[in-house]
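As structure tokens, one chain now follows by itself in the form predicted on its own.
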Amino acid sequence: MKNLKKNFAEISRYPSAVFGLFIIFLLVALAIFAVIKIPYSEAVRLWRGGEDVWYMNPKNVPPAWFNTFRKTKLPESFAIKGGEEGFTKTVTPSSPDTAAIDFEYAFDFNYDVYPQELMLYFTSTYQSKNPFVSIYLITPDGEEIRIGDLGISARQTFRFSQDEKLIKRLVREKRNDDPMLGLFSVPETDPPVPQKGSYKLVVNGQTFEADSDINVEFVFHGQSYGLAGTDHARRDLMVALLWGAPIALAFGLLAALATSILSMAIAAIGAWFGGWLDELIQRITEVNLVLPFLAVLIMVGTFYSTSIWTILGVTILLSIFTGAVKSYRAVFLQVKESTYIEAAKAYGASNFRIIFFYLIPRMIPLLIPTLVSAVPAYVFLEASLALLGLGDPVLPTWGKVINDAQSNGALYKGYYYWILEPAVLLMVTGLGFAMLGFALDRIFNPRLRGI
């Protein structure tokens, strides 16, 4: 306990170590929050889901907070169901078998850019006679625009921009043939200018059977969404940014911990027993050093499996017999000649007791900074494989987000947020572990303390 307090006191002397610990603490907190907030099965469902999961999100839009730094404000996306606060639902029976079901929702549009799309998702219950609805949009200047009249099925979607009757009606009324421009522009302006103010959506429904009902959900696809924006598949990038943290930390920590401990143990065994065993370890190390590490991983991912557990296992296997084995061996050869080792042999300590209780503990101070510094290397390795298309197709990771952005030309199309968000998180992760690792190296390596 005293040594632990002493080490923490020593770490606090280095601002870089404190800053690095702070970053790592935030990353760990983010990882814990992601696992609790979005369970694994839900994260996979959200990331792998299709239109039915992300129907309420617009395509390729930046985060909503971008508006803080823009002169031209982007409309924010939202979705609301009839009966929820602000979206009133009124049922007025007109006979034992018929009823009028009316919906009204008022929303403010104070933006300088037009929305992507407006949609209504209808669900209804009936036996044989379909309910009928009429849709209107009341503009801030009081004008009532008829959107459409239609009989609805049990589940039906009405997209404003894809309704040909609406487009023809807007053209006939001398509005723009783009429904978004025709509905949200100041009348008779060229070029079109967004009409700001309070809009009201009105849906008048009529049922023709007892116990028949209508429900509707209004989805407004704006030009911005959430804290992280969306991608080409309407997926909320916040899911991948959150879940990328536990995946990156788990991959980096497991790989660094396993390779460091196994490399040290193998070097200690070879140095202690010597002879043919030491020679075998050294030859395996030398062969492994000339193997193309990344090429082997690419080959495994291409011909066998891109599962993150498979990649992790191969990474650990290829990283055990590296130059670290030779470095540790050189130190162990000196330590094994120490007097306390001779004393342990004299009172009958077994070979493995000497290795794991006397030799390896002497190397722990050198192991800690090496282990911490190795974590970001493995985090970047996982992201690099994902960028090459060899990431786990199931898991939402930072590397997979960058790979999707690259595949869909994010930089050429101006979707900079799509690449910058995961890239910044990767850089911050590397910075945190690197700063802590450098400080620990100064603390535990006596030759660097004065530097």
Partner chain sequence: MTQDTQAGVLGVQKKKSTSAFTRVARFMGIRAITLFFTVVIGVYTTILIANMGGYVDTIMRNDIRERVNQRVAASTANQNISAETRRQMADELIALEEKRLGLNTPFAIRSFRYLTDALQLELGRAQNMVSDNGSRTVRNIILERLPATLLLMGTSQLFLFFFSVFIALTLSRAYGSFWDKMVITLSPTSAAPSWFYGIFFILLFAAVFKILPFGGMVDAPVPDNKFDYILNVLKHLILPASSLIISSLFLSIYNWRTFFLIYSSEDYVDMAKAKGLPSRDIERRYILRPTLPTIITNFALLVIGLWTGAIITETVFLWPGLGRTLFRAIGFFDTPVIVGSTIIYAYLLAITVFLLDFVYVLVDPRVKVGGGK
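This one's a predicted model, so the numbers in the text were calculated from it and none came from an experiment. Positions refer to the first chain, counted from 1.
The discussion below concerns the form predicted in complex with its partner chain, not included here.
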(message) Looking at heavy atoms inside 4.5 Å, which stretch does its partner chain contact in the predicted bound form, given the options 282-290, 346-354, 139-147, 123-131?
(response) 282-290
(message) Would all three of 300, 376 and 388 be in contact with its partner chain in the predicted bound form, where contact means some heavy atom lies within 4.5 Å?
(response) yes
(message) Give me the residue from 394, 26, 32, 411 that has a heavy atom within 4.5 Å of its partner chain in the predicted bound form.
(response) 411
(message) Between 64, 426, 56, 46, only one gets a heavy atom within 4.5 angstroms of its partner chain in the predicted bound form; which residue is that?
(response) 426
(request) Give a yes or no for residue 296: in the predicted bound form, does one of its heavy atoms lie within 4.5 Å of a heavy atom belonging to its partner chain? (result) yes
(message) Taking its partner chain as it sits in the predicted bound form, is residue 18 in contact with it (heavy atom to heavy atom, 4.5 Å or less)?
(response) no
(request) Indicate whether its partner chain has at least one heavy atom within 4.5 Å of a heavy atom of residue 443 in the predicted bound form. (result) no
(request) Find out whether any non-hydrogen atom of residue 105 is located within 4.5 angstroms of its partner chain in the predicted bound form, and reply yes or no. (result) no
(request) Output the sequence-ordered list of residues from 406-425 with at least one heavy atom within 4.5 Å of its partner chain in the predicted bound form. (result) 406, 411, 412, 416, 419, 420, 423
